[in-house]
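In structure tokens, one chain follows: the form predicted alone.
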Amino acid sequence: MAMKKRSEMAKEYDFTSWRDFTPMNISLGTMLHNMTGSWRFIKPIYEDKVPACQNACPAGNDIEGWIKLVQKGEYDKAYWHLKQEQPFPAILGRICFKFCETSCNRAVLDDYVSINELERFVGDQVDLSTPHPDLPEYNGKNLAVVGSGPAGMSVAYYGRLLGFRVTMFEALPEMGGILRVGIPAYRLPREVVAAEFAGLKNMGIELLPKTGVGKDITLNELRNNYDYMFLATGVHASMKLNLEGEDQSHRIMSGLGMLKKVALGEEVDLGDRVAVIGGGNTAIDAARTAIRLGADATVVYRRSETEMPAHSEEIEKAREEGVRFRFLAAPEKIELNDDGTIRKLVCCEMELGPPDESGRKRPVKKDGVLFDIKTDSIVTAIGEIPLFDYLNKIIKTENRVIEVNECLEVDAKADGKAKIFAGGDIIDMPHTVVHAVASGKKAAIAMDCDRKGVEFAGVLKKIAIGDGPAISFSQYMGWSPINPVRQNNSMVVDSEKIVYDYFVKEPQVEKKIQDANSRKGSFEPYSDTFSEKDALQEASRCMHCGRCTECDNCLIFCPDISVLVKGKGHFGYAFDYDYCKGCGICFTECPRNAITMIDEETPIEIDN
């Protein structure tokens, strides 16, 4: 009789669990259920784990999940799945500093997957003003959000999905905070920010621009009228150089002040030459903005380029556009003319000493080594600080941040009914947009736990993702994952767990970026969103680390036909433990580490 192929025999089975073919009169607590003998001491299980990219994302974005939907051409589903953990893909897809790409396992093979570009593609597939399709009824509690930057937007979005009645207060004439007035339009178009707020409004969130807390309404008034408050006022003031003459010329301005004026369409008088003091992202944005306003720009930074906190890609783009850099230099003196214009900026040469508390080498002055920079304007961007006057001493602050606990709750005087939470740049956390979004999500869950009388610390352990700070909103809500299989959200799949022999090298899809001469004369975006063809090609490069893709490797390599295909309409495979010897070949040959070997006596759910 002709032998059937192993795969043909396996695919004849139609079942939903291995119990369907296990004799029910045998104890599963002994080795008697293993018909191959009693020597097996480990056994395989299927479980989806955390890809390295998701682990690196502060917001816990399920990147592999929505990329899988992109590969299927299901862009609407990809959009709403992405928004479960990171609700503003059209924004973050343009300005995020790509922590995910830095950790992408694909880089070991050839180059990282362009996750940021794919996120932008997904964000551009759906009208951003579309409200969430599954809005719940209101839960009877209301939430006041003070500040409409990324942290405020995030807590408003997730708060509404949890049933809170949300009102957002913004002191500026337009919503968006730092997204609207601190990030140049060539990086983040104004219409994208406006459309996201239209979406929030369509979810039933009340938007109140030109309503400054501490000016138009007091903090105590809000506390007396709301059940919960979230402070997300950001950092909108700049640190001073503390040099004589700094406040005596209209040609000396802060980087944030300059960017705000440009964003709101106000005139900025820079002259022909601009010296930008600082090495962070605000300094780079200010220098590139000055170039677009027709000035020559020089960035003066007291350390070397290696120590610059600005994102390396932004530094390179600035250099391409003609921004000059003067490293190891610090302002020493400002000399003004009688009419308040700048005669010259005197700088001191620096050298690098031992590392300071930040881990970067400390800049040290070279005695008496001075030089002049001829400039018409000076833009200071040596650090941003918050303005806390509106707190009216109700809330504790220390080292220019608001103190919060694990729940992001603030220790405030009990003179109002609202419980106060805070997030974004005004608390002790990295100052990036995605970290701000993550703080808003965490605070919304903490408020909901408080509303329900549930201990947040216990919930936090259950919804934590990988070994980083990210948490899963979808797990908190009980939403199903893309693959309907066991989820192990504590195990991260890094490059050491990938079997690269099963993957073929394929270069990144080339990004379409205008040349420097074309882009530096305009505030229009200089890169295009991926076309559908490009998006599908780039999405195909995702290795789906830690997630089963039904590649059949386990089925093909099992020497004992112990891997069985689940029946029609069911995802994935199951193990026939009657005949599995625990040899681990399936585990070894799984390209993506979607199989785990566990101790024989470890109990497992029977749906595996």
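Numbering starts at 1 and follows the sequence shown. The shown structure was predicted, so the numbers you read here are calculated from the model rather than taken from an experiment.
Beyond what is shown, the protein has a form predicted together with a small molecule; the following relates to that form.
At least one heavy atom of residue 233 is located within 4.5 Å of the small molecule in the predicted bound form.
Of the heavy atoms in residue 384, some are within 4.5 Å of the small molecule in the predicted bound form.
The closest heavy atom approach of residue 226 to the small molecule in the predicted bound form falls outside 4.5 Å. By the criterion of a heavy atom within 4.5 Å, residue 187 is counted among the residues contacting the small molecule in the predicted bound form. A single residue from the set 525, 136, 73, 212 has any heavy atom within 4.5 angstroms of the small molecule in the predicted bound form; that residue is 212. The partner is absent here; in the predicted bound form, the one residue of 436, 443, 299, 379 having a heavy atom within 4.5 Å of the small molecule is 436.
Contact with the small molecule in the predicted bound form, defined as any heavy atom within 4.5 Å, is confined among 501-509, 461-469, 254-262, 488-496 to 254-262.
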